[in-house]
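Given as structure tokens, the chain that follows is alone and in the form predicted on its own.
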């Protein structure tokens, strides 16, 4: 392993070439997966198909064509990169259905999350529930999950049976993580621990990234130990991703994120930076607990709450934790793919998602 593969870099050390490599991988994954996704959504009954096409940005609410983006395709890119790293181009081509299935599951979670969180904007346009209503958004999400499992169940590849079971288990874990998240929102700020918040984040975010990498390994015919190592690689990447996502959720620029500033704080979400701040034992932590107990906040209040989270150390902790998780990412990747050249695509994607700004 080279030094850059074993030690996470700071922002100033992050090489533009790595971001460029990740961008190429993401663009290629989108180009290959979108036709599979379109075909799957095209098989849905009319009203659900219309919602699916709107959600992915391919149609407007009135059914006219749209040019909106369908997401970054991080998870499909991980499936394909894992398959390529362990099995070469043939395994990558064989894993295309698995890559689309993972993206369908991801979008199922987005549709449901937006309803539960009452988020009104995603990908710079109104969320599905605000356009079509709660019921249709939930049902469309259910249909996307079913499409994902059908894609794998109908796949003649010998890994498909193991893949569909792993993806189904992942959905159960995702739901458990979401349930834990919503339950935390009803609890007093002082009752939530950092340990359980990290466990919730692994289930909500790390599980699907781990599953994506594991599916790629399965389609490459990898040994069980390598499948497990890539699952761990994805999970640690997911935790780093969630840590940065939570930072963006508080301090991100709406022009880049496509979501309102301070939305997580307005909803009193117990995100990782917030819980770290609340449990810091600092004077700012006590102040934050009081602020989080207040029922409403205007824009100025949200700015002050964000500042209080930062003063209590929440932002610094989240960024340090993301770097620590990246160190673990390197370890798991080295275990499964010891050749740095073969591991390059997976590494580029992991570093891309943890150094993003939107």
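Positions refer to the first chain, counted from 1. Fair warning: this is a prediction, and the values are worked out from it, not measured in the lab.
The form predicted together with another copy of the chain exists for this protein as well; it is not shown, and the discussion that follows is about that form.
Between 88-96, 68-76, 142-150, 223-231, the stretch whose residues reach within 4.5 angstroms of another copy of the chain in the predicted bound form through a non-hydrogen atom is 142-150. Taking the partner from elsewhere, residue 45 is found to have a heavy atom lying within 4.5 Å of another copy of the chain in the predicted bound form.
Residue 136 belongs to the set of residues with a heavy atom inside 4.5 Å of another copy of the chain in the predicted bound form.
Contact annotation for residue 129: none of its heavy atoms lies within 4.5 Å of another copy of the chain in the predicted bound form. Another copy of the chain is not drawn, but in the predicted bound form it has no heavy atom within 4.5 Å of residue 267. 168 is the sole member of 199, 192, 248, 168 with a non-hydrogen atom lying within 4.5 angstroms of another copy of the chain in the predicted bound form.
Contacts between stretch 236-250 and another copy of the chain, counted in the predicted bound form as any heavy atom lying within 4.5 Å, involve no residue at all.
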